[in-house]
Structure formats: C-alpha cells, structure tokens
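Here's a solo chain for you in structure tokens, the form predicted alone.
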Amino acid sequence: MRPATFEYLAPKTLEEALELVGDDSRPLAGGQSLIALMNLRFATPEALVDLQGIPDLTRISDDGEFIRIGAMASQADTETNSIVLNSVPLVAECIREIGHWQIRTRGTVGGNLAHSDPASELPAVMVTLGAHYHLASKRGERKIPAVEFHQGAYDTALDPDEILTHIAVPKQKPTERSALNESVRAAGAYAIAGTTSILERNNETCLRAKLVLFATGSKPYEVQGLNSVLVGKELNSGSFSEASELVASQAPHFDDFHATAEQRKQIFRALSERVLQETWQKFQVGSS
C-alpha cells in the first residue's frame, strides 16, 4: 500500500510549525507509527508538518526540580543521556525496552507519547513518575499531567492544532527507587503485560508506593490502595506478596490470542511482585 497524496512541510521554528498544524495537517515526529497508518490509509492527512528541523524540540536539560525532555529528542539519545541516567533513570530503563536500537535512533520520545499505544512502556513510566506534558498552539501554552493526557487507546488530550513541545519529569529523590518489569513474546516486541513502580523509604520503612500497569485496558492504570498495603511497613517479600494480590484483584483482564483473562491475572500478580522486589533491591545495592 501507498499513502494518499499529501503535502510535506518543513518549518524551522516552533512558531512556524504552529501556523501549519490543524485538522487537515499532522505533526511528524519519528513517523514510525504515523507513516505505517498512512500506508494502510487508516490516516489520510492532507499535509505533514515535519518537526525535525526545530532544534529546541530536541533539547534535554536539568531545569531544577525537573528534567526537561524535548518531544523531538530521539529515544536513543534520551536513553544514553547522562542527565536522564542520573536524575530519571526509569526513563532510560524503559526506553531500552522499546523495539530495537535502530528503531530508537529514529523514534522520538514525544512521538511515542502522542501515539499513546496502550502496550507502550513510556506512557506508563511518565504516569508513574508524575510527569507533565507541555503543549503549544497559536492560542497559547498549557501543561497537563501525564495521567490526564493519556485518555484511551491512541487517544490523548492533544487538540488538532497543538504540538507536544517537551516533557517535565520530576527528579528521583535519593530516598526513591524505581523499576520496570514486563512480559513480552520476544525481545523488542510489545508487552503482553507490564508494570512500573516507584518506592520511597526511610530506612526499611516504606513512605510512598506507586505501581502502574500497562498493556491492559486502554491506557496506563495506577493500582489503587497500594499505599494502605505498603506505607508504614517494612519492605520485604511478605509485603510485596500482599501487594501483588491487590494488583491481581484490580488489573483489567481480557482474552485475546496472547493470553486468557485468567492467565493475564496470574501474569500481573507475578510481574507486580517482581517489579516491587527489583525496586527494593536497588536500595540494597545503592543503584538507581
């Protein structure tokens, strides 16, 4: 298949790009998902607005309490960036699980997030870390939490005339650790089920806990009631086992050709216990 006829536009500034995007024109980031949809005629924009010529959209910087990741920063560059590795290591850990290196050299952080695939790791990580997305249009700018941005499968809070410019990710505290664990059919494939977690502790006692599921339902799902199970308790295999039962009772389950609903329930039980164990072990070895 070939895409329908479209006009290619290559602005050099964000202001110019904002004049071009709208109902009939789509911003082009890495293009790995959009071009495939166009080839199948599932997407038929009249114009593509290529954002790769706008240098500011690729910038990664330390903005004090947050790490700023430009929406057009490639996944490969983000994965190896020292600021990201030192201050938001879960982002780098997550990106290593996206496809293969060749894919990550072309794919962008913002493109992945704006596509909002429910099986993708990166939206779930941003929800876990409490990131905010910065959007721009001719009407002005707005900031929206990751948990509100991802509204469903391939559905986001982006308006047709808006561009995702950058993501602000809170820095990991010295008292926090995070991890990701997922079940995949093969290396680089989309997850059948996935979990991300963040724990904060004082000595051996849990101060805060958050666990987000992905590749189930239509968007990242934060497990409810986890703090009541873990906060104020000693972090150990017993408390993590109790937390995994809570996850199994909440995880949206469904049948498909990968797994039955019951199999998914068991997978999420195992993954959640494992990801909490891995997060806790990072405290023991002093790693991120």
Partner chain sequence: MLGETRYVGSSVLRNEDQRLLNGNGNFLDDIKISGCQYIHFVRSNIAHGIVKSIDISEAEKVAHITKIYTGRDLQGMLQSMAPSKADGGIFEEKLFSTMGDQDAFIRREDRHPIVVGKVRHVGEIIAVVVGTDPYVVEDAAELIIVDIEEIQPVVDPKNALEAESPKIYDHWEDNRSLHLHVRKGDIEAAFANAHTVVKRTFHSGRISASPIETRGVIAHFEDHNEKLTVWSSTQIPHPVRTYLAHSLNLPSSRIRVVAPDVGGGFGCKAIPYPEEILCSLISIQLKIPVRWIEDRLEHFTSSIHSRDQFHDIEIAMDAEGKILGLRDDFLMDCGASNPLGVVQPYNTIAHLAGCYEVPAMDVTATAVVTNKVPLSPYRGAGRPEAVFAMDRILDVAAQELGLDPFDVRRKNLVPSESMPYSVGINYRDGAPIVYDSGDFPKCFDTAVELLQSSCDTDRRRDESGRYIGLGAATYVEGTGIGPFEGALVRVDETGSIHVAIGACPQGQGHETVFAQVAADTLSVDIEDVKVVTGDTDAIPYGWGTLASRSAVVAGSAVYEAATKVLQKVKIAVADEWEISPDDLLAQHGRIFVKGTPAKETTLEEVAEKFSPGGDYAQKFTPGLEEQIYWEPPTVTFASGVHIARVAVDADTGAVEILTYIVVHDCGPLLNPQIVDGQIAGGVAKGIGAALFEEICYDDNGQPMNPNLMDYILPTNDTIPDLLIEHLETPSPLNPLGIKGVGEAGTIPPPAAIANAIENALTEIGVEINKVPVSPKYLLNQIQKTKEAKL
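Take the two forms, superpose them, and find the largest set of C-alpha atoms that agree within 1.5 Å; that set is the rigid core. Given the structure is predicted, the values throughout are model-derived calculations rather than measurements. Positions refer to the first chain, counted from 1.
The protein also exists as the form predicted in complex with the partner chain; that form is not presented, and the subsequent description refers to it.
- Here the marked residues 41, 263 and 267 all reach the partner chain in the predicted bound form, each with a heavy atom within 4.5 angstroms.
- Only one of 153-161, 168-176, 189-197, 130-138 lies within 4.5 Å of the partner chain in the predicted bound form by heavy atoms, and it is 189-197.
- For the options 248, 259, 54, 60, the residue carrying a heavy atom within 4.5 angstroms of the partner chain in the predicted bound form is 259.
- In the predicted bound form, the partner chain lies farther than 4.5 Å from every heavy atom of residue 21.
- Proximity of residue 1 to the partner chain in the predicted bound form: non-hydrogen atoms within 4.5 Å are present.
- Contact check for residue 275: every heavy atom lies farther than 4.5 Å from the partner chain in the predicted bound form.
- Interface residue remark: residue 208 is not counted as part of the site for the partner chain in the predicted bound form, having no heavy atom within 4.5 Å.
- A displacement of 2 angstroms or greater separates the C-alpha positions of residue 40 between this form and the one not shown, with the rigid core held in common.
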